[in-house]
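Quick heads-up: it's one chain on its own, the form predicted on its own, in structure tokens.
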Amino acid sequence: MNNLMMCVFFTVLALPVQAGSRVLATGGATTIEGSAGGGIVPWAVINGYGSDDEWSVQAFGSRVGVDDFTLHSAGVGLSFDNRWELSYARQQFKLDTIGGQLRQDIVGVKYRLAGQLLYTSLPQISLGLQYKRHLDFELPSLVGAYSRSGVDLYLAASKVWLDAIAGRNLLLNGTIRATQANQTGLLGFGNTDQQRHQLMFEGSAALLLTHNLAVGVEFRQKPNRLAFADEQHWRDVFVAWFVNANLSVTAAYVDLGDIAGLPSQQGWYLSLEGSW
């Protein structure tokens, strides 16, 4: 996490504790791209615990370490009225085996269209947009990427079923994403033959073992556009601990498949989020 993001993160944690009006864990965690959700999949939830006419501020830092790569993500978010979410994330993708690093900025916006996670029979449905800009485009261009920037558009539906399994609450989420991104944008966008968006499916399931501890799984379908190496789907198994309304910790085992021709990228994910 860079110095600016560390300052923001610890400033948020130092603010006076404010429980907010929403139930603990209903804001989810923060994904590697800065949007509220799990670790790799955005959900329909709005980050933080602000309800009607309330604001919430978040800061997060995460690390994914697999066999040949390390991804650091850090960012901040702002949400309002349990309806709007704005986010910014900076990613640093270190090529541990090959050498070097790739950086990407992501600006996101999410809007809750209908429903609520807990209180309506209709799932919470949100529309999100992520604008991504690559900061080190020379390598992606050499392997066939067409553009240094792109936009992901996604529609997510999330719902909690109370007492669903052995008296525990169950969250299910489904997300449809339209994307041009190669490896979520870390290897640029599109190729010289195809720049159009493709529709991808992403899904998550989480079981709340207690009011503040959840275990779950995620799946993220990926496009495969760069001829030099296959791009494979991502998956993880996670544990999320919502310590209180101001702090959450998420850890996961991740399987990212082959990346840039290097096979079977598996390892661990850790994320900290502060919220006020």
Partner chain sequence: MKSLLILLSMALLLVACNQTPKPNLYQQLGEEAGITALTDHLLHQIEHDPLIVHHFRDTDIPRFRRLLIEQLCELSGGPCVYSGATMEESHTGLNLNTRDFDRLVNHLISAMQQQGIPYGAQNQLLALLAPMYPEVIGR
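Computed from a prediction, not measured in an experiment: that's the story for all the values here. Numbering follows the first chain given and starts at 1.
Below, we turn to the form predicted in complex with its partner chain, even though it does not appear here.
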Check: Are all three of D96, L155 and Q221 close to its partner chain in the predicted bound form, meaning a heavy atom of each within 4.5 Å?
Finding: no
Item checked: Residue contact check: L122 to its partner chain in the predicted bound form, 4.5 Å heavy atom -> no
Check: Contact between D163 and its partner chain in the predicted bound form at 4.5 Å, heavy atoms?
Finding: yes
Notebook entry, point to check: Even though its partner chain is not shown here, does R103 get within 4.5 Å of it in the predicted bound form, heavy atoms only?
Noted result: no
Notebook entry, point to check: Is there any non-hydrogen atom of R133 lying within 4.5 Å of its partner chain in the predicted bound form?
Noted result: no
Checklist line | Stretch in contact, per heavy atom within 4.5 angstroms of its partner chain in the predicted bound form, of 222-230, 27-35, 207-215, 58-66 | finding: 207-215
Check: Though the partner is not shown here, which residues of 83-113 have a heavy atom within 4.5 Å of its partner chain in the predicted bound form?
Finding: none
